[in-house]
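Just the one chain here, laid out as structure tokens, in the form predicted on its own.
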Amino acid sequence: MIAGISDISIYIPKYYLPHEELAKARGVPVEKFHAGLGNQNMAIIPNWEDAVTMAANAALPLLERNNIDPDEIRQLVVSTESGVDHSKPVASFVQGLLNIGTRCRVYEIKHACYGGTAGLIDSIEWISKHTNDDPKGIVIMTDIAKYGFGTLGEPTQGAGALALLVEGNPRLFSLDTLLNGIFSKDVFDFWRPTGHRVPIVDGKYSIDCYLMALEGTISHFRTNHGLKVGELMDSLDYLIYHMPFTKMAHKAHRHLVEIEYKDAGREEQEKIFEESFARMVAPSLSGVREVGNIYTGSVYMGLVSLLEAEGKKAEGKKVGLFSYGSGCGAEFFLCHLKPGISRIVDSIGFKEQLENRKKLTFEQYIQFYSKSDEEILYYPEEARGFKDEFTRFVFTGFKEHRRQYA
């Protein structure tokens, strides 16, 4: 039995800061963000949300719209680099909020932005081994990309969570993990030492590591599928890359074209790039452009963006996904989208969430991001009045060092 994904859900915070506001406050031309990064807005998480609430808010719709009893879930994996405790996993908090039963394997994975894919692959392989029953798993990616005020990373911030329902005989897409292309190497391109609230980034080196990993996973993927150099792109309908910012997809795809068509001249390579990018990559970009970086969930937010942009046109298509995490680990794999996925796509509601967000001023953004968790001692009045069909759980503060949720 080959397992895969039967449904996907996304949750993003209800606030955002336009890059125009950030550029004005920082005294830089807005084109530096719009053209240089390719981004327009960035999601800002309020003080009454965290990695736990976003994870639960993303996962609950999967249970509700698929009529799944929480006791049916046999594996719950949360991948994050925004954990709220050095010992207790985010997955345990989510298990409690969703009322998932005790006969469930529950754990958290950390491997920078690659952690979501690691959790997904592990869950698919575990469920594929169970041929005598019909186990279900939920894999969640939840993260807050936060950088220091005024740093180069500040305009790439974002926050959000995705949840995927893993089953045998999946309804959305199948995935044969034995054919995946894999790459890993010990590098220091992006890291956050214990005790640091924001990461340390070697930006140029991180991009170099990303492209090195892309080349490595593609080489392994070609070998597993019996493809020659130059045959990869013809075997796929769409390509989705891990995107810490929108223009990273341009850099990645250009590098792939140079690898696949290395014997072509520069003019011919540019022609191939322009045509294939518009057709294969562009449909996946709306999420990162509006939300920013969400670490573990970034490549899967690209998948949600593609599904909503293409709709019925995507049915039956082959999608190549490249997942990268600093440190570094990467994987390139093939998703076969199923026929008849329109109902699943129509229920995602990503565009609706984007349209219903509230715009922050720069001063409000500073206020949100200057306050630590320990300063949240009560359920804020603004949170009480801000309810919709997507926001179901909030963080309410601490009691004897224990995080409280409602």
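Because the structure is a prediction, the values reported are computed rather than measured. All residue numbers refer to positions in the sequence shown, first residue = 1.
The same protein also exists as the form predicted in complex with a small molecule; that form is not shown, yet it is the one meant from here on.
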query	finding
Contact test, all of Ser123, Tyr238 and Gly311, partner the small molecule in the model of the complex, heavy atom 4.5 Å	no
Listed residue (Phe333, Phe190, Phe183, Tyr261) with a non-hydrogen atom within 4.5 angstroms of the small molecule in the model of the complex	Phe190
Contact residue in the model of the complex, from Gly96, Gly203, Gly230, Gly316 (heavy atom within 4.5 Å of the small molecule)	Gly203
Location of the small molecule contact in the model of the complex, chosen stretch of 32 to 40, 64 to 72, 361 to 369, 338 to 346 [non-hydrogen atom, 4.5 Å]	32 to 40
4.5 Å heavy atom contact, Ser128 to the small molecule in the model of the complex	no
Contact test in the model of the complex: Pro89 vs the small molecule, heavy atoms, 4.5 Å	no
4.5 angstroms heavy atom contact with the small molecule in the model of the complex for Tyr295	yes
Contact test in the model of the complex: Ser305 vs the small molecule, heavy atoms, 4.5 Å	no
